[in-house]
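Here you get one chain, nothing else, as structure tokens; it is the form predicted alone.
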């Protein structure tokens, strides 16, 4: 794939340098890149689907290694691998259906000639192979007319050309169907906000008080949709320290006419008793129904459980991850710069290496994500509808194949 390698290297560099952030942007650009990989892939004469899947695995390995914390990359790679398998099975089923139609017509003919013995499928296949075989030297030396031998040879050559043509047509159809399916996947990613927002009026009722943490575009669009449907409600926004993305969300909600109150993260327990529902976004939804979300979310979930407040997670299906939190391929967290928490100028006198082993007395830890176990989640709202945490594994099984959990290129040489 010489034409697509520069695109792969460019996107790998963006992931390493964190130039692409957010599951939505990462998922969409990954899908677009993999569509280019499929488009530029040269289909071989045999094992077209396996070779194509192996090419996707090779690119997927590079993308996942570039930024393991962006689980959406692996999700899209596995979705595309599943698409290839589905399209290959579909094309095979169509071929088998065509053979069955031929068999049915042959059965009708046989029913009219019951005096002939019934031959097994293996015998018929062997007879067909012999009929297509080119005339041997023995055949030429026997008392067989030359015209018959030539007609057999011509039919054999014609059938061979037909087979090669069928293979070429099948490979083109497989590639075309995979590209179309990846296009549908990109459309699904683009429309996930609209699909989720359409369900807002089913979950947000009149005069309710809603709490959220930080800023999630999915949550924002969800609340916008409820406001457009003339729902009257109030939102408590926990500021989401240390990046304070909750301040941005509060401004956006006020511009839409939503009554908004900004609270500190430490005030969540104090305010949760006045809340009817917690609605938050997610970085990823794991196979067990657990959620990887912005830091501080586990505290909110515990507060909601303590006061029997529904904890609702809104997320697109591209965030569904087929892995479990204990899988070694899953990187649950990432540490950000300490500068988000402390000003080095004010604490420079605490940074001296005063211990005997040379380590500083002051350490700053700034994690990015929290893990929320499934027992703390009341409901998931995705672009396919609302689901309980116990149903997520079935939903994930529809999007991924079990043998694609570990994305690793095969050593088999396809030619």
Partner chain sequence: MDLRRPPRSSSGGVEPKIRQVGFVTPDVSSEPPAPAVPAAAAAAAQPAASSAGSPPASDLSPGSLSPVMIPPPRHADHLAPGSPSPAASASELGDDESWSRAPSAAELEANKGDLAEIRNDNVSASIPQKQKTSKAERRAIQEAQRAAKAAAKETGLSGKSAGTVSGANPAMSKQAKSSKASQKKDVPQAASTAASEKKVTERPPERDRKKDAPHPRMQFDDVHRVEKAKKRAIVNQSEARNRVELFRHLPQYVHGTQLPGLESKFFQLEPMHPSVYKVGLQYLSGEVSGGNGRCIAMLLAFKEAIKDYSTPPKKNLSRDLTAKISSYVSFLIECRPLSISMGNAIRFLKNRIAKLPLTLSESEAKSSLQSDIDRFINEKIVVADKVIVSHAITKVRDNDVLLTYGSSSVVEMILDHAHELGRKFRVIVVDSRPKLEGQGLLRRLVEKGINCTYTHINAISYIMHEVTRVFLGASSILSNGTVYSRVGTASVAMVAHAFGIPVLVCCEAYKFHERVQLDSICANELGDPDIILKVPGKADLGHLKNMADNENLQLLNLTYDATPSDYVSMIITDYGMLPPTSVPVIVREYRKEQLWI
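Keep in mind that this is a model prediction, so the values were computed, not measured. Numbering follows the first chain given and starts at 1.
The same protein also exists as the form predicted in complex with the partner chain; that form is not shown, yet it is the one meant from here on.
| message | Would you classify residue 306 as touching the partner chain in the predicted complex, given a 4.5 Å non-hydrogen atom cut-off? | response | Yes, residue 306 lies within 4.5 Å of the partner chain in the predicted complex.
So, residue 242 and the partner chain: in the predicted complex, are they within 4.5 Å at any heavy atom pair? Yes, residue 242 lies within 4.5 Å of the partner chain in the predicted complex.
Contact of residue 261 with the partner chain in the predicted complex (heavy atom, 4.5 Å):
Result yes; residue 261 sits at the interface with the partner chain in the predicted complex.
- Query: Taking heavy atoms only, is residue 298 within 4.5 angstroms of the partner chain in the predicted complex?
  - Reply: The answer is yes: residue 298 has a heavy atom within 4.5 Å of the partner chain.
Review point. Would the partner chain in the predicted complex be within 4.5 angstroms of a non-hydrogen atom of every residue among 68, 88 and 224?
Key: No, the candidate spot makes no contact with the partner chain.
**Q.** Stretch from 173 to 181, 76 to 84, 331 to 339, 186 to 194 whose residues place a heavy atom within 4.5 Å of the partner chain in the predicted complex
**A.** This holds for exactly one stretch, 331 to 339.
May I ask you to list the residues of 264 to 303 that have any heavy atom within 4.5 angstroms of the partner chain in the predicted complex, in sequence order? Those in contact are 264, 265, 266, 267, 269, 270, 271, 273, 274, 295, 296, 298, 299, 302, 303.
Item checked: Sense of the change in Cα distance from residue 330 to residue 368 in the predicted complex - at least 3 Å versus the shown form -> Pair moves closer in the predicted complex.
Pin down for me whether the residue 49-residue 329 Cα distance shrinks or grows in the predicted complex relative to this form (closer or farther, change of 3 Å or more).
Note: Cα gap between residue 49 and residue 329 widens in the predicted complex.
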